[in-house]
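Only one chain comes next, encoded as structure tokens, the form predicted alone.
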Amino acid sequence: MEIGPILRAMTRNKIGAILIALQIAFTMTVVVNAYFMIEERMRLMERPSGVVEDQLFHISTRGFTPDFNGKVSVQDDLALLRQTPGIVDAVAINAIPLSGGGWSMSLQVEPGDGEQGHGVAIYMVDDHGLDTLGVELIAGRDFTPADVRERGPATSDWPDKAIISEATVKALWADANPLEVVGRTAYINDDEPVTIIGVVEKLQAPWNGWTTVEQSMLVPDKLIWTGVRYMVRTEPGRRDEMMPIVEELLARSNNQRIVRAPESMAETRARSYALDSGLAKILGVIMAMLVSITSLGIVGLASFSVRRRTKQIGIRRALGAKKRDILRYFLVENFMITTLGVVLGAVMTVGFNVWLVQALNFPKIDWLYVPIGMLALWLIGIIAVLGPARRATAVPPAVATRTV
């Protein structure tokens, strides 16, 4: 391994080698952190909401006439929806998971305004709520018709029963399991007691960026507002078919209100994570551009080196050097430059992530990303230099006598 001759040759063109090493370091810093961010975004985007998204859509109505009766409208709509072929169940609900808009309150285990509270998303449903959403009840029981009360626009108090998510159980009673909390009392609005009658495995809040997105609570409130939103569960595979049918049914059944176009849960999820998806795509493009530019830089430096050393290569060939010796020379030279770049890049990658954690509250990068990034850049460097190195092996020994 002609390390000495390679180092001496590099010192005669050290500016080019240093620039390529810095470019590799910069590329590694950006690419590794960007890839980590993309994986984090993808992980968040793939979190299950807890509901049967592939069977659900929601549709909103709003009465506009002075004599519009919200209570009768909701009763008629739900009766119509629940008896329509192709629909499993339906419920009037105040918020939609991942929609970005909803209602949250604070729950605490002791009454009083000085007690520690835990934020939970509130879903107001009747006794068809769990069946419509498709959430899994892992402890306790569902709401019964006797539990459900009517909630109008002026209602400010809360029902005395609730079903909470498993994440809410852990927030309120850290060491308790779901079965143990059934029958316990939590407090909402500081001092209003709520008996926990059931626990669902998972039900996400409407806000995907909420740090407590898994903490939620269902309360037995039947909405009788002028404007109301229905969550509709269809038979498997019939969601898209039923959406326009339901829109037409509701529009024809009552001409005193406006019916907004339905939206599937898949569309709601896509809209909710549009920024995350866009960010992942932008970072992916940036990664591809940086890797391409760095590869072109390596190719350019190696090609320049081959052209500049054509006579020397011919002399070495004339003195008995084989093609593999010439190929090895340029591969080792590139490996040395790339190693300098990736070592510096490893330091810069960790430093940049530390800054992101402190300044922007980003998650700490997994240490495995650094060696993986180093290996990837080494591989890219080898692939990029192969073309110029192979051209160098094609230089014939006779060049030593013809090249000036």
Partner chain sequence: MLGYYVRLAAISIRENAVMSLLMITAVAVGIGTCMTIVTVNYIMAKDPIPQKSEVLYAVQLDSWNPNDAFRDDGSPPDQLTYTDALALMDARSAFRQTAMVGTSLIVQPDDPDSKPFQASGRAAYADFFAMFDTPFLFGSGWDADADRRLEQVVVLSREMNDRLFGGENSVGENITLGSYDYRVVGVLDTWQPMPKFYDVTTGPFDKTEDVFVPFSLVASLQLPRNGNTNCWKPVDGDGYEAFLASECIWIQFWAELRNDAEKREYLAFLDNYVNDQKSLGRFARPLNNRVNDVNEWMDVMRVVDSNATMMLPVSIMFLTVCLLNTIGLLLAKFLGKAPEIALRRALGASKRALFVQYLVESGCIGVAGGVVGVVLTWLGLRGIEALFGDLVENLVQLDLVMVTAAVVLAIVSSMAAGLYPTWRACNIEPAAQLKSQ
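Positions refer to the first chain, counted from 1. Being a predicted model, the structure only gives us computed values, none of them experimental.
Keep in mind that the form predicted together with its partner chain is not shown, yet the notes after this line are about it.
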**OP:** Note which of 137, 182, 332, 275 lies within 4.5 Å of its partner chain in the predicted bound form, where distance is taken over heavy atoms; exactly one does.
**Re:** 275
Original post:
Wondering, does residue 110 line up within 4.5 Å of its partner chain in the predicted bound form on heavy atoms?
Top reply: no
Subject >> Contact flag, residue 346 vs its partner chain in the predicted bound form, heavy atom cut 4.5 Å >> reply: no
Original post:
Should residue 150 be classed as touching its partner chain in the predicted bound form when contacts are defined as heavy atoms within 4.5 Å?
Top reply: no
Subject >> its partner chain contact in the predicted bound form: residue 66, any heavy atom under 4.5 Å >> reply: yes
Original post:
Is every one of 19, 62 and 155 within 4.5 Å of its partner chain in the predicted bound form, counting heavy atoms?
Top reply: yes
Original post:
Pick from 25 to 33, 48 to 56, 334 to 342, 375 to 383: which stretch has a heavy atom within 4.5 Å of its partner chain in the predicted bound form?
Top reply: 25 to 33
**OP:** Pull the contact list for 257 to 285: residues with a heavy atom within 4.5 Å of its partner chain in the predicted bound form, in sequence order.
**Re:** 258, 260, 274, 275, 278, 279, 281, 282, 283
